[in-house]
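Read the single chain below, which is given as structure tokens and is the form predicted alone.
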Amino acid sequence: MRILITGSNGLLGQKLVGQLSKNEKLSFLATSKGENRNPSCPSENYSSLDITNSDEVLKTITAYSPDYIIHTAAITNVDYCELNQLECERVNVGGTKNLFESSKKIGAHFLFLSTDFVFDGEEGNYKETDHPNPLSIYAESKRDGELLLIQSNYSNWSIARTIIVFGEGQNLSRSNIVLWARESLSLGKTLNIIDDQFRSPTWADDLAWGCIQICEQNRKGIYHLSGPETMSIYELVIRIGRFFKLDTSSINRTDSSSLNQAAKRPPKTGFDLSKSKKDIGYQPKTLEESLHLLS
């Protein structure tokens, strides 16, 4: 089985590379724009790929001829997307279209990484069958990416939605909330953390495992892959501090209105994981179980 990964320099991409490297039954090609920034990825398993260049995409996919494509590459900075709509659409929608069209030409299974932000957050703990209602440019771009697959007459695809992915990687372009909170608290910084948004933080290794299982088991359709606990961002940071035995007295409660963020966020997401648990055996770690592997 041959798997092509996009966004391999990112956190999830690096976890996919790490797990695929240990599986002798699977071969892979890791791709990202520019040079390989993951020292754990062998150079012979890497190719630079600009997903917005349709000719380059088709050439790369045709040459490697993967059985599965795991598409993780995206602009995920929500506020940046809000202020740079055309770039967001070009990468998140246009890039996805290029990859999906090329995957159709060779008959590959296309797995698209999406987000809890496709929902408006009025309910929380969403099922795969719940109706999306995106609130931001970023969320709309992910929903539009989903619709490319859902509305196609090509059925060999899957969508994996996830929430706040965290973990450790190498030479990452962005940090994540767990690493940021641990570092900030260790430096004694005062943190103003919102208590009116609720999420299910996801251990990147669990998410990578789930994506690979979707491929290995040839599952199709939409799957929700996140952590098992839904909590406020404030509770998340408090629990991170307490786990690492850091002083949490500098953490102050605030609400979303104080942040002046460009993009609107859903107040409460979280996923019902019943389908993923039943179909692929997904058993994500709790926050503390994951943090133990970071320490």
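Note that residue numbering follows the sequence shown and begins at 1. Please read all numbers here as calculations on a predicted model, not as lab measurements.
There is another form of the same protein, the form predicted in complex with a small molecule; it is not shown, and what comes next is about it.
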Heavy atom within 4.5 Å of the small molecule in the model of the complex - residue from Leu148, Ile222, Leu185, Ile163: Ile163
Go through Lys104, Lys189, Lys127, Arg174 and name the one with a heavy atom inside 4.5 Å of the small molecule in the model of the complex. Arg174
Note: the small molecule not shown here; in the model of the complex, the stretch from 214-222, 189-197, 113-121, 150-158 having heavy atoms within 4.5 Å of it is 113-121
Find out whether any non-hydrogen atom of Asp50 is located within 4.5 angstroms of the small molecule in the model of the complex, and reply yes or no. yes
At 4.5 Å between heavy atoms, is Ala181 in contact with the small molecule in the model of the complex? no
Does the 4.5 Å heavy atom contact test between Lys264 and the small molecule in the model of the complex come out positive? no
Please run the contact check for Leu135 against the small molecule in the model of the complex: heavy atoms, 4.5 angstroms, yes or no? no
